[in-house]
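The same protein chain appears twice below, in two forms, each given on its own as structure tokens and labelled structure 1 and structure 2.
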Structure 1
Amino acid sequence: MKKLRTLLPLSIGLATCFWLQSCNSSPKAANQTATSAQSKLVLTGSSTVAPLATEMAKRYESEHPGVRIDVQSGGSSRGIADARQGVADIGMVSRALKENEKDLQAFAIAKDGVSVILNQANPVQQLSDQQIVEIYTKKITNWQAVGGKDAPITVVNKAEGRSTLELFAHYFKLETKDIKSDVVIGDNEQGIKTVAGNPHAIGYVSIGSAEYGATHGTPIKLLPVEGVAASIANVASEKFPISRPLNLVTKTAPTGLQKDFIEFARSPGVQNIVKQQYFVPATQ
């Protein structure tokens, strides 16, 4: 009965369908990759890594006709679970592996940081770690207490289970239960829109998305942490304290197409894609 519940048979069936389909539509291409015994790759996991992996997959597909790479986002936990169960060929995880996940193999393809963001209209230029902790636990509820205007603070938090939340909470030594928020958001974009629309809001999002937004006219600003400016450059030089690797994970040592794609994703040739997405190439 348990088999009924796993998606394994279904995904194998789907994979076969796609494989057959690709054979039908381009028999030539299928012959070229026939030696790799597989022409479809499934990546699932972190919504932070997914757009990056999608771009890499597009370029890989154009360089290897007949190969199909399917990228599905759904969070780092899903990346771990799917890679473990074999539902996906490669899992995407936007953090370092935990102790109990060391059975998996991780390959960093980029780095990212988490940045605290404020609305541009907010006069506050920096906050100490302690102040941020007190704001997120509602011990400080007015901007006046940290040198801003007399206005209540709108605390923007991420939904439970998101890796950005885990990284943020881990750095500030907060229990996710202790965080008291006014707004709970899903993805980075929603967080940026929320802070951009509210001059009294404080939030935290992936530094890549934040820097992209700030340099493209969204009225937000990134706060420094421990005096280090929140920027891609400082994540690259490992000066910025809240950062994380973006990993591709596999259950066993990668082989065939799997191995080829991971090598491709770590190669200097795709660094311009990583930079386009405001991440930091891991091989630097």
Structure 2
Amino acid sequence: MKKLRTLLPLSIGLATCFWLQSCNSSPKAANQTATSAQSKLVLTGSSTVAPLATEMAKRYESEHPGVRIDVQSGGSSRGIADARQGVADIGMVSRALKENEKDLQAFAIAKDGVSVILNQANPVQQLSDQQIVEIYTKKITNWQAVGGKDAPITVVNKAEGRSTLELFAHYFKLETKDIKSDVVIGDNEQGIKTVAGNPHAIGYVSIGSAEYGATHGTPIKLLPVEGVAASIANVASEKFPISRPLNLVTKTAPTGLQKDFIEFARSPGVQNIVKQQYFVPATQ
């Protein structure tokens, strides 16, 4: 009994000591956990938005030491799926949300268009909407039929899940299953390289990416649509008929670092990045 009386105060003292240590260390640990949890963002989705988001992320990281932003492309469908499933903090989507996607939150950071592109050596200067439809459904298979050289047409198409394909098909009233392609590409850069390397190829990509390439020595040209030149200037003035918003999307209302980066990406302070990437700031 005497021994028990001796041990009881000692046990209470040790328990109190552990409790105090726990109280003292808990806030610090919690802060570290919170900082760690908020020090990294993952963005996935549209290959059109990815280069723009990457440049914005670099500037954000330089202004916020300790923050890391990981940008991964893979198409707008991936951006929608990853944001909805919580795989990514922010999804990148290069089109407006569909009716069945309105459960997500969308934040426009820029505007863009979709342009048909040819190799610079191709003498064809324009195509009607009907000619483009017939080329993409293989009813026209030789450039000579549309005023070009006697050469087979190489049809370059976007892979399923790319919003550029969806916008292109929607505008030209094409069912994607009816498109007969010779080459299927993923991101815009791949499409531009394919057309630049093949004088008989036709493709369609982001206007921003195509105009940047054409003005920086890549041998491609952008075709007008409905007589309107394919250019970022005409997207900005809303004259070009195939345009779209470039969105960041989240599953719920953004908070913390997620919210701060989205506000940063929509701020006037990064409009120079938007213009350098040949897109139109969303505020214009």
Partner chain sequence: MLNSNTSSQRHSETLLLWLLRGLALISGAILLLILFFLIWEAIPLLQQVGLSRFFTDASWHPASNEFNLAPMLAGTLLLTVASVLIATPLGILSAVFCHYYAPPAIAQPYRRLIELLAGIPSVVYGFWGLVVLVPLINRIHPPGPSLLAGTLILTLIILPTIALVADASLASVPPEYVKGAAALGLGRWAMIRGVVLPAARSGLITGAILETGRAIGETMAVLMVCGNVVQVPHSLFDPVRTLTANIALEMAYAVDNHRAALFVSGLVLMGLIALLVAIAEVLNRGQYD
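The term rigid core refers to the maximal set of C-alpha atoms that superpose within 1.5 Å between the two forms. When a residue number appears, read it as a position in the sequence of structure 1, where counting begins at 1. Only a predicted model underlies this, so the values are computations on that prediction, with no experimental measurement involved.
S.K.: Is the form predicted alone structure 1 or structure 2?
M.R.: Structure 2 is the matching one, since it is the form predicted alone.
S.K.: Looking at the change between structure 1 and structure 2, work out which of 163, 242, 90, 188 is at the hinge joining the two rigid parts.
M.R.: My reading of the hinge gives 242.
S.K.: Any idea how many degrees the smaller rigid part twists against the larger between structure 1 and structure 2?
M.R.: Smaller part versus larger part, rotation angle: 12 degrees.
S.K.: If the rigid core is lined up, how many Å does the C-alpha atom of residue 66 shift between structure 1 and structure 2?
M.R.: Here the C-alpha difference is 4.4 Å.
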